[in-house]
Ligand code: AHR
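There is one chain below, alone, in structure tokens, taken in the form predicted alone.
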Amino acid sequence: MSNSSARVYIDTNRTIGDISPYLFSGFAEHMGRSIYHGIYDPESPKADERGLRTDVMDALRELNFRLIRYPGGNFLSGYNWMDGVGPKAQRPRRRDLAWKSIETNQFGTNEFMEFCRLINTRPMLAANLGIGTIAEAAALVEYVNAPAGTKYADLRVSHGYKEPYGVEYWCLGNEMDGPWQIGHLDMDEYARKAREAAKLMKWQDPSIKLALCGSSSTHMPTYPEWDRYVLESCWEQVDYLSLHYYAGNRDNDTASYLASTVQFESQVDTLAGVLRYVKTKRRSRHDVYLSWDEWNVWYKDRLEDGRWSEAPHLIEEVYNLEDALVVAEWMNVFLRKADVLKIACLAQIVNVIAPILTTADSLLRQSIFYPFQLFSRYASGQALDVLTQAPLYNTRLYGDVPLLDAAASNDPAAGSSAVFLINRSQTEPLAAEVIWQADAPQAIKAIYQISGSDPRLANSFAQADLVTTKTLSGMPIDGGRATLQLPPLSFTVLSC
């Protein structure tokens, strides 16, 4: 194998685990222009009779988010869900202390549920465990999920929503390890509050699944001790442990940035070890999985102070080609860790660090829109344990890293499979030979590729298609083998 070639070995018998559809999920927070002027914009010519942006909903349907987490985020820890239900004229205007913005409460729980229905996604609601009480968390479950006949369920009915929503997925607060959080708790305080909230919420509805706040970043001084402690306190009451991370190229070091999978895999492996340790220590038969319910590239736009305005422009990151490649690598990691990682929410979905940007009457698909769309469309069934042999390149942060990053999926029920390949080289093409060791498809039906010569290449409203998916012709698979030339700075999907 030469310095400009690589091999990828695929065996459908060598599986990692089932690919959860909830790995392709999103996050919408009351922050900046995510909700107002994003999802909900009654004054836009693109709005429907509900005030929802039809062009935004069309673009979100293309991404096919399976879950959307709501309403926060840091906003959650100061939010009273009662402010966002009932007649809009009676809803209070509030100061949002998380983002120093004015919250009008014109969009709340029922509007969000309607939005989810229209784009065919499931909600993941979050309970305020900052300044919120465990009683308020339980009341929200009753309001959303209980049949008519009791106080909060009847309140929902009086608001015009007769049938329970049956929301299954819930978060027990947000980033409660962070001193920046409204109502921040130390680990013992959070563990006790989360355990008691979980009990009440599941007594309201035993069918719900709960995500416990894990560490908000690997940079936290309490990581991973926080995760161990809160899991030991709440293991039997919860179903997921959350993890958060935001990647970036702050040092203008593209070689290291494109090797960020080392960081992503280390974080998952560490927390998977914590899960195994706690399960063993508690002698439990119950399983808890990981929910990466905030992840994305974020480092360029750090404006987080809304200066007490409505829907201010906050952290509206502009994404480029190298960001799209890192997002693709991150989703390769999702497949490689599919045995323990079951939920992942791209933060966020519109305007705020998002694949979509809007003006009053137009919409832009950013570079990161396209890799997410490809994974959401083609990764299903089982994740395969791919063996990759590739030349190494040196990075300042992570040492020697393979030039090729690869993952694969196989879906026998659908009769389809896919291979996901990233060439990290900034200058050289890479010949990649894909070798099927069992159940080789007859052909690659189609090839989808994102590539460019400049890692800083980015879409704009003036030039919207500089970074996008190109569809290439398929090719035969001869003797279980196919060889492709992968351009530098490229993400390639083989649909088989």
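Since the structure is predicted, the reported quantities are computational estimates derived from the model, not experimental observations. Start at 1 with the first residue shown and count on from there.
The form predicted together with the named molecule exists for this protein as well; it is not shown, and the discussion that follows is about that form.
When the named molecule is considered in the predicted complex, only one residue from 175, 317, 322, 405 comes within 4.5 Å through any heavy atom, namely 175. This chain is displayed alone, yet in the predicted complex one of 358, 74, 242, 332 has a heavy atom within 4.5 Å of the named molecule; that residue is 74.
In the predicted complex, the named molecule stays beyond 4.5 Å of every heavy atom belonging to residue 299. The shortest heavy atom separation between residue 99 and the named molecule in the predicted complex is within 4.5 Å. At least one heavy atom of residue 27 is located within 4.5 Å of the named molecule in the predicted complex. The closest heavy atom approach of residue 291 to the named molecule in the predicted complex falls outside 4.5 Å. Although the named molecule is omitted here, in the predicted complex none of 19, 343 and 378 has a heavy atom within 4.5 Å of it.
Residues within 4.5 angstroms of the named molecule in the predicted complex, judged by any non-hydrogen atom, belong to 243-251 and to none of the other stretches in 243-251, 220-228, 364-372, 114-122.
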